[in-house]
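In structure tokens, the next block holds one chain alone, the form predicted alone.
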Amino acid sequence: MIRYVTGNPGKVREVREYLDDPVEQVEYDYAEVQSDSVVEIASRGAREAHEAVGDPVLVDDAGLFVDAFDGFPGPYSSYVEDTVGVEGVWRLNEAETDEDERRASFRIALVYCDAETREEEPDGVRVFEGKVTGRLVAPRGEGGFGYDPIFEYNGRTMAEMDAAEKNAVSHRGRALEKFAEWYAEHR
């Protein structure tokens, strides 16, 4: 069994779509290092969570990286969503950019940690990254979570896609595909 360290049930549903093994959600509040790197944040969280939980863990850090804002909000996406809101991010982008400047990407570092990786990997973790590039649009759709209603990929927002469609193209889906392949070979 893998313990997925998150408070977000939407993320857990997406992980369960990819893995044959059982996935249990664990709400553990690790100390989140302040960094512009999702890899650094998730790696530290995975090491700390593994020490506390004792079982294999998955931890991720992800963000919406807006080109016109030099990657902001990036790893601060959750805080910005809580304070400014998804529609607020859209309004800021709409006010400050022309339509052809609204490029953005979702990026994720999905980090696995167990006793073996603690000993064998240089940083004590195994990192799987994913990225999807699209553009910001006015909110549309009822599905997904977070910034999905304002992130358009190939003409549809992530919130307009069903779970299978979103998983096939999302940053998390791309990282999970890499992880699932590695995990099937190494467990």
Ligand code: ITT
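Residue numbers run from 1 along the displayed sequence. The shown structure was predicted, so the numbers you read here are calculated from the model rather than taken from an experiment.
What follows is about the form predicted together with ligand ITT, which we do not show.
Taking 130, 56, 134, 146 one by one, only a single residue has any non-hydrogen atom within 4.5 Å of ligand ITT in the model of the complex, and it is 146. Contact check for residue 166: a heavy atom falls within 4.5 Å of ligand ITT in the model of the complex. Using a 4.5 angstroms limit between non-hydrogen atoms, residue 172 touches ligand ITT in the model of the complex. A residue is said to contact a partner when one of its heavy atoms sits within 4.5 Å of a partner heavy atom; residue 63 meets this definition for ligand ITT in the model of the complex. Residue 81 belongs to the set of residues with a heavy atom inside 4.5 Å of ligand ITT in the model of the complex.
Contact with ligand ITT in the model of the complex, judged as any non-hydrogen atom within 4.5 angstroms, is confined among 134 to 142, 44 to 52, 115 to 123, 26 to 34 to 26 to 34.
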